[in-house]
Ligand SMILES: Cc1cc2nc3c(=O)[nH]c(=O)nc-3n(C[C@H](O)[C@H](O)[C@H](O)COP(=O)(O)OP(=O)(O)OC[C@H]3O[C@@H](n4cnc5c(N)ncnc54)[C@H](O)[C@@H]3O)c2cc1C
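Heads up, the chain below is alone and in the form predicted alone; it's given as structure tokens.
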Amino acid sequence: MIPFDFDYYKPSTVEEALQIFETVSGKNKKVIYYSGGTEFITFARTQTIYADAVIDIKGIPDCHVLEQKDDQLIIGSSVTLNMISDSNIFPLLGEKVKGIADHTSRNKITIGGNMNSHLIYKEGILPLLLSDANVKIAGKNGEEVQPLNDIFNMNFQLEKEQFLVQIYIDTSYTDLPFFTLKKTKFSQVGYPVVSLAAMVKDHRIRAAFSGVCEYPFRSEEIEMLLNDSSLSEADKVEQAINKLPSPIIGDIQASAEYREFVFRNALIETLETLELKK
């Protein structure tokens, strides 16, 4: 049971959603956007999240698009993880999101919700960082399309009134060789000790990671090392660890030392799988 009252709005257009946000927040009320709702319900019950009003964007048709149009894949922010994996529209993304939560939960969890998660993992974003995805963001200046790599830094850098509408991916990324891996403490659907997505583009390995540091990331410095033919496999892995953007975390899932051990093995497995496909 959620221990506080809140107003619920379900607009049918982007413009209506933005207008509701402006009107309600103008009354000094805390407003949040709501998509799949799984995190809001979970965290609201423990009062980790509070809102005076929620705006449910699932009523906006643009947020439900899942299609290929010319040379672009278009994925709405309210498309569920199971819809993405079942469609096979982007195999790497489909494989990556299959490991998020259980099957029943993935019927509710949306790609936008996962990317904007209050949790540190946000595994669904890894293939999108690798594929130079663009995102359509709605805000007070209307709708703008921006490179994901520009707007995501540890977390989505959105203003309070902004929300994610759609994701755009060039279809050239959908048939590239890829590798995905997730190591958990117990089962395959738990929070990751290490989660990894990698692909080969233009004869070079690209890789993005979650669970290692306090946020998901793609590192050009680590990719340079993984593709440096002058280094041995052991040297690539050792130097990659030294180039992590922040310290390896230790938590209830795993100690920092164990995470480093798993991360080393994940990098080795990635290199062994993709080196011959470059």
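Predicted, not measured: the structure shown is a model, and the values here were computed from it. Numbers for residues come from their place in the sequence shown, where the first is 1.
Just so it is clear, the following notes concern the form predicted together with the ligand, a form of the same protein that is not shown.
Using a 4.5 angstroms limit between non-hydrogen atoms, G37 touches the ligand in the model of the complex. By the criterion of a heavy atom within 4.5 Å, F209 is excluded from the residues contacting the ligand in the model of the complex. Contact check for K108: a non-hydrogen atom falls within 4.5 Å of the ligand in the model of the complex. Contact annotation: I57 falls within 4.5 Å of the ligand in the model of the complex, judged by heavy atom distances.
Of the residues given (L66, I32, L225, I248), I32 alone sits with a heavy atom within 4.5 Å of the ligand in the model of the complex. Checked against the ligand in the model of the complex, the candidates N134, T180, S117, S85 yield a single residue with a heavy atom inside 4.5 Å, and that residue is S117. Only one of 141-149, 92-100, 172-180, 196-204 lies within 4.5 Å of the ligand in the model of the complex by heavy atoms, and it is 92-100. Along 123-151, a non-hydrogen atom within 4.5 Å of the ligand in the model of the complex is carried only by E123.
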